[in-house]
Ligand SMILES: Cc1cc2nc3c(=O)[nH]c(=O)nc-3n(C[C@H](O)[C@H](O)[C@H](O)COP(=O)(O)OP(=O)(O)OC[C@H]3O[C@@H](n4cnc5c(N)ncnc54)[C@H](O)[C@@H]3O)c2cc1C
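Just the one chain here, the form predicted alone, laid out as structure tokens.
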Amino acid sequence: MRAVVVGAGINGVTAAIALRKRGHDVDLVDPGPLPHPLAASTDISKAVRAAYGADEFYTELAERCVPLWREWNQQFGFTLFHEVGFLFMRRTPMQEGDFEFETANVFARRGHKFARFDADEVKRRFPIWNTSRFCEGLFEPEAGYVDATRVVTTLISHATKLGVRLQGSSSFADLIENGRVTGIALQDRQRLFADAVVMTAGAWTPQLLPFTKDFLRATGHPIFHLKPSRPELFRAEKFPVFGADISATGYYGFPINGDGVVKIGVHALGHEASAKSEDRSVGAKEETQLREFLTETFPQLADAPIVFAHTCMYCDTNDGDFWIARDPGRPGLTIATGDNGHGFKFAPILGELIADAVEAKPNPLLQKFRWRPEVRVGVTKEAARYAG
């Protein structure tokens, strides 16, 4: 079988690798440069954690991925996954129904490692937190973050070594259809014919395939990189990956990296946007809100200069679940998107899931990610469940 995969972000490159390993002839198409600077996959960090509130499905899926991230560290010979832990803090004590409380219940039931900390313990272990405002924490020690851009770069290189043909300066124009999807047309009028077309275009999907707009949407979410004057306070041992009462605030962030940068993002409903726009600037309102959050939460970071800010684009489904499915109305087409801001952590298994969908291979996990146009634009999802 010949497959054309459109989009070389984390979904696309892992799909291309999985399909190639199964013996298929694979083209990976992207307008470039690679990694694409506007893609959600291109970032300094993405969270890896199993905390999903009461949603045990994603907890189990994440638990499968952590050992595989460790294997990738070994396979590629450098650290992609930094297992520094994830601290979820609350402004009020945990109670039934809270994201953190329900996460702890699921962790306890599954034998997953975790710890609950009161304000005194948080102050001792993670002193940068304002514990007069944040009173209780849940710590997941086997969580952490990955170097997102380095992951994608590494996997693209790995894909080409396996024999994937990288079309790194090719822009998708349209599907070629003749009773079924038989390939794609490019902007330069070149045509690539295939037995299977796999669209992994992320936030570009609603524009490239307008018929998906009823059940997929592109949303923008602000990301900030700050440079603290006292970098030693923000190293991972004292400042792990965090969620700051994320159900209520949407704020999450990462320890300082090798360039002295602390990344903080906002995962909430976001604003609808077009991925085709190259303007990914963040507005003054978002910066003001960030400063207010920092003053309340990390006073020693409140005046740190912002060295970079941009809008990260998600491709959202309306129930927060991924979309990995063959199009029942267009044989030959598989769509794999709907990251909803929480997909990257599952990179070690995404490719296999997508390849199973392309091959119509039975996989019970794909029922969750099935073709479901009845889940239409406009339904609100819970922020904390999916962030990072």
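Please read all numbers here as calculations on a predicted model, not as lab measurements. One-based numbering along the sequence shown.
Keep in mind that the form predicted in complex with this ligand is not shown, yet the notes after this line are about it.
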query: Listed residue (A357, A50, A47, V26) with a non-hydrogen atom within 4.5 angstroms of this ligand in the predicted bound form; finding: A47
query: A201, A159, A244, A143 - the one with a heavy atom within 4.5 Å of this ligand in the predicted bound form; finding: A201
query: Region of this chain that lies against this ligand in the predicted bound form, out of 54 to 62, 36 to 44, 323 to 331, 357 to 365 [heavy atom, 4.5 Å]; finding: 36 to 44
query: Interface membership of F172, this ligand in the predicted bound form, 4.5 Å heavy atom rule; finding: yes
query: Proximity of H221 to this ligand in the predicted bound form, heavy atoms at 4.5 Å; finding: yes
query: 4.5 Å heavy atom contact, C312 and this ligand in the predicted bound form; finding: yes
query: This ligand contact at I176 in the predicted bound form, heavy atom, 4.5 Å; finding: no
query: Partner contacts for 2 to 17, taking this ligand in the predicted bound form and a 4.5 Å heavy atom cut-off; finding: V6, G7, A8, G9, I10, N11, G12
